[in-house]
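Take a look at this single chain, the form predicted alone, given in structure tokens.
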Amino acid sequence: MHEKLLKPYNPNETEQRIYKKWEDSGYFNPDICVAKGITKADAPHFSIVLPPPNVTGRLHLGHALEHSLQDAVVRFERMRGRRTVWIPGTDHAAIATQSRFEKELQKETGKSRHDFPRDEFFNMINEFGLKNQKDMLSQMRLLGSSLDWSREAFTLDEKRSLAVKTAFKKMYEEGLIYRGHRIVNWDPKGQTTIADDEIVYQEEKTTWYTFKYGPFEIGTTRPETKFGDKYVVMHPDDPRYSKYKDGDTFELEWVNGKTKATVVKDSVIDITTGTGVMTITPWHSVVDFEIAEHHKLEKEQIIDAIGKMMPNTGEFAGLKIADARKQIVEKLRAKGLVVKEEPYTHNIATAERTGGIIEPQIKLQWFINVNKPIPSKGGKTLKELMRGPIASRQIEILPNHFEKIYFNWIDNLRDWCISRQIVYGHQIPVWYHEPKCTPRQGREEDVIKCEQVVVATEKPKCEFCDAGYVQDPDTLDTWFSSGLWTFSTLGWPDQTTDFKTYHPTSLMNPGYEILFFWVARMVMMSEYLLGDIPFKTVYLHGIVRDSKGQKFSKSAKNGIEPEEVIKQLGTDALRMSMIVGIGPGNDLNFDIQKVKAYSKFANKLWNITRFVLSNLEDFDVSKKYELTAADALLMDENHDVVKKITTDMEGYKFYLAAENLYHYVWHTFADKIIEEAKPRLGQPTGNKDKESIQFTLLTILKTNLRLLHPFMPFITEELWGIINGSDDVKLIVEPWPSSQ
């Protein structure tokens, strides 16, 4: 028996050694597998790109879940003989990374972004991100992820930057990208617009105020915005206000004296809520802005970009919002305009990265028009391009109940604000002509031909004068570059062999919380730029929580890094605990006891192998043996297991495949088959009954090592080498057991 089996299994002595051999073998690269004759050159492909983790810090247990699922299917497809590629990558995560870096910079040096030239500050952040990236790539290796490192990508690297500029230019030229004044999520603390997914809603106990507004009563939690309320909106069918006509005006006493208001009739008003009447603040509310746009109403800014009252608020100018609110209510109370005050609890929007309270503002920003008919797409809009592949089942979402949520999000989608007022990220590829033209001698009249705005992948030169161009200072929303991920990682816009071979990708496996922000935008970008789907299946996994069901967070001090668990119990045990019994879309309450249970299973597998091999010392593995009827039945039963596991893996039911394998190996193979075989193994050498059970045990063991390899790659690879007397890694490319 092999000397390694004489000692208990120790993952700490095995896993890094095995991973290095895998990486050195080149088997993660499908081109090398073809070159070595392991995979047929014309084999069907299976491709998947890793959802890129943000370079803000280190991987957490949620990433361990993601890697466990994806590596399982990648190893399965590779063993099936597919040309399998799993592309690694990371996301620059613009706002998140800059915010994290700025906090550390402020803490360590007392400096901010304003103390550095733009290029220098960008490089400082990038160096910070790339250091984190290096740590994360090491963590991915610890998790056993069989990623093709030769194809590694970064959303901010040169190839991905070209893809971003190319996509922007095409969308701009077709009128889908425009610059305009629209309402956005403004973070006064971070001084930038932010995406909807970067908002965290926090419960706040406040006061609901009811004020007398001329002949009406209006309710609000934000008295500080009421300076801008010059319109009172009511439903056209509300019988309580039938005497008022759209456009009627009236004077009233308000915060700073007499003002004039206009009646607006709009069916957006809910007759059953409150008094059925509301005033609107178009500059500081998304709903109010849309009403104002629809009726072409005036909009007045009341709060500035840093969260203070504007000069047009009179005596309140310069006050912070909270201070102004108290004083405004006092003034309205003194005027007898406060009808009632009631305790009220609601959710307020805060910026995830800075903690600042979001203040909706109208800003001049860059947007993508999601409702504009696109001539090159037969008049379809981007919203329709997002909807089509899901509705037609070209793309399957697992679990499928998320389809309804997906469609609801698209139906309510507004134009996408893609500009951010930060340094880190893809700077918008728009160039503005310097205002002072320097005409060339003898061609003074040509200056009227100077292009004032140019969209280009490189800095342009003016054809008609010697003035230069200045690039737009804003950067693009991270989701813009992430939306190109499935094909930018394969070389687009170049028509590379990888792009032609592996796109559309086979599977995407993100968390369900980014279904809209990322998955929908990948569908949109791929359909628009390529006229094709980005992937065939979306497998949405849940969130990893602590044992009490709470989200992991620094404030709760409940965070656990994968390394802590791996060092104690091994990667295989952690991976099995992440997969068994956890279906798509379901959250996982992490429990170290579950990992310990699968650590015991790894030891059980080790001991099973030791027992089987210790009873093969007089057995010639090269000979063919005639099986007894009982052993033939055991082999048939194991073949049924192969068929069931294969079907589950093909249907992405990893949680069932892993659980069924666990039960079969422990409770059927170990507890029943091996126990019942012990008397037969004690028979003399050469006994046909003994040879039959020896062959059966070895065959079942090797079959189940292959079946378990996608879930527990390290111990199965180690045992495969022991059984076959080789130090080379072979199981990773061993053919999957036939289910025929």
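Small disclaimer: the values here were computed from a predicted structure and weren't measured. All residue numbers are counted from 1 along the displayed sequence. By rigid core we mean the largest C-alpha set that fits within 1.5 Å across both forms.
As for the form predicted in complex with the RNA, it is not shown, yet the points below apply to it.
- This chain lacks the partner; the member of His426, Arg100, His541, Lys226 within 4.5 angstroms of the RNA in the predicted complex by a non-hydrogen atom is Lys226.
- Among Thr496, Asn603, Thr646, Thr210, the residue placing a heavy atom within 4.5 Å of the RNA in the predicted complex is Asn603.
- Within 4.5 Å of some heavy atom of the RNA in the predicted complex lies at least one heavy atom of Asp288.
- For Asn347, a non-hydrogen atom is located within 4.5 Å of the RNA in the predicted complex, even though that partner is not displayed.
- In the predicted complex, at least one heavy atom of Met278 sits within 4.5 Å of a heavy atom of the RNA.
- Among residues of the shown chain, Tyr655 is one whose heavy atoms approach the RNA to within 4.5 Å in the predicted complex.
- Stretch-level contact check against the RNA in the predicted complex with heavy atoms at 4.5 Å: of 622 to 630, 319 to 327, 389 to 397, 263 to 271, the positive one is 263 to 271.
- Shown here without the RNA, the chain has Gly581, Asn586, Asp587 in 569 to 587 lying with a heavy atom within 4.5 Å of that partner in the predicted complex.
- Residue displacement note: Asp229 has its CA displaced by at least 2 Å between this form and the one not shown (rigid core superposed).
- With a cut-off of 2 Å and the rigid core superposed, Thr166 has a Cα displacement that falls short of the cut-off between this form and the one not shown.
- A movement of the C-alpha atom of Pro282 reaching 2 angstroms or beyond is seen between this form and the one not shown when the two forms are aligned on their rigid core.
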